[in-house]
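Take a look at the structure tokens below, where one protein chain is shown in two forms, each on its own, as structure 1 and structure 2.
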Structure 1
């Protein structure tokens, strides 16, 4: 009996120490959305359960290892008992209650995370290898930085045109895959000002690591100002081919291709600045002048003629996603980069 009392005390103490230790470490990143509230609440209960279960097994086991360890020179066998029916029933049924409790809490918390506000602002998210674009249908423009007004629910309607991607901002907690051929939805209500990063969480190919973009949570007034400014720029740009090309390029190309003089980190893609009209050496040693025909071929069939020093990394999906007019617009944009 004395053994059981000591072990019970040990278990309780161990549970407490582990739980306090874990919580003081600060296991989660800062919390920046209302959806995170119910997730963090459930996670806290999970930590209590983890601390208790770990102690419940390890404390008696360690105690038994010390107390019931064979002493030097000692012979003989252990006590003979084969089981205890009541004990077995107890440790089958009691955990069953815990399971149902946690499943209920999980379902409740999921309900909170998925609660749709009828006034939510819709933002359409487009993902391609390896680029995010955020379209604001209320204002009619697209951006490669996600600006969000604080304390208003955002309804992200997300599409991918090539492979599966996954939208994740750790500070918002929630995550949702983007699947080709369907629209998936994610609800976020930012409640903390600041700059975060959206990071693709589903392996999407070579440059998966670098498929990240900035997320800015701003005061409503600042957001409005930015959105109206972008709206004006978009209206102006859509009047010319190179303006439309610039918008298209931001969606499809500039995740990898740089329009400044330096290559983007992590992606071996040709720099667009000064590209048009240049003479390049191909892998087979022949040379080619970068003209409209070569650019069209390289967009539709990226593997056809690769410039020396580059690997065949470019997605081969643009023949399906871009129309001939759109390609011409993009080329018009490339021509302006001198």
Structure 2
């Protein structure tokens, strides 16, 4: 009995030390949403369980190595044990109850994360290699920066144009895949002001690691002011083809193509500034003038004629995504970039 008491004390002490050590490492990013509350609560209990299970193995093993090792001069056999039915029942029943307990805790946490507020604000998320775009249907505009009002639930309705992407802001804890042909949903209630980053958590192509955008959690008044400004800009832009083209380009194109004099970091895509009317050398050595016909062909069939020095990374899905009028609007915008 003395050995069992000592081992129990050692196991409890080691569990405490391991748990405190792990939690002091700051493994989790800051907590920035109400959904993170139940997730962090569940994670904390998992850390306790992992600390205990590790100690339950290491503490008795270490104690046995020190106390029961063969000493100098000992030649006999160790004490023989036939088994212990009570111990076997205990290590079967207790883990079973632990599994049921964590199953209930996981279901409770999932229920809290999925609880929908009827007054949630809807934001549509569009993902395309390798760009995020956020549409605000209540205001009628899109943005490449996700602005969120604090302490209001946001219902993200998300879809992908090409391949599977995954929306993930570590500070919000929750994550959801975007699957072509489906609309997936994610609920977020930000409760901490600040600037964060949305990342794609699904390997989605050559520039996957650069598929990031800003997420800003703001006071409600600041969000409303920004949203109304963007709404006015979108209304004015929609009156001209080049304005509509700029909006479409922000959604589908500007994650790869730069409208300044330099390429975007990590993406080998032609710069749009000064592109229209330029003579380009193709991979086969021939040349082509970048006019409306060539731009339309490059959007609908990007593998047809590739400019020398570039690899064929452009998605081949725009023929099914963009209408002829939308393509013409994008080209009208490209013409303005001189």
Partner chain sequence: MGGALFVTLMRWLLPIALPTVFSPMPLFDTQFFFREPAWLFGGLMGVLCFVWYHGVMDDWYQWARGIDTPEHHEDKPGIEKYFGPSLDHKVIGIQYTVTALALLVIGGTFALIFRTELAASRLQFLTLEFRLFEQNGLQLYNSLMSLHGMIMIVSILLGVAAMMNYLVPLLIGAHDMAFPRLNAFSFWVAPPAAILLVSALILGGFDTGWTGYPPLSAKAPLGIDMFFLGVFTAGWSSILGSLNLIATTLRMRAKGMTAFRMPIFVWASIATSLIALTATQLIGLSFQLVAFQRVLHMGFFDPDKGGNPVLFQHLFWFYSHPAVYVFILPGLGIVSELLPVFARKPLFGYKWIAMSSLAIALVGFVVWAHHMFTSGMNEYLRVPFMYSTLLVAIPTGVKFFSWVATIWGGKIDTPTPMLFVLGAIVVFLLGGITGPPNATVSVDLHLHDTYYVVGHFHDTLFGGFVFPFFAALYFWFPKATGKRMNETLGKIHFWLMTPAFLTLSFGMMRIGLLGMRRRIADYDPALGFDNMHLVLTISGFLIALSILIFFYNLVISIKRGEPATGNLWNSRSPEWQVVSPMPAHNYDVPFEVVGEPYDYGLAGSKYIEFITPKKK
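Positions refer to the first chain, counted from 1. Rigid core: the largest C-alpha set superposing within 1.5 Å between the two forms. Bear in mind the structure is a predicted one, so any value in this text is a computation, not a measurement.
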Answer for which single form is the form predicted on its own
2
Hinge rotation between the two structures - smaller rigid part turning relative to the larger, in degrees
11
Can you give me the Cα shift for residue 6 between the two structures? Core-superposed, in angstrom, one decimal please.
3.1
Shift in Å of the C-alpha at residue 67 between the two structures after core superposition
4.2
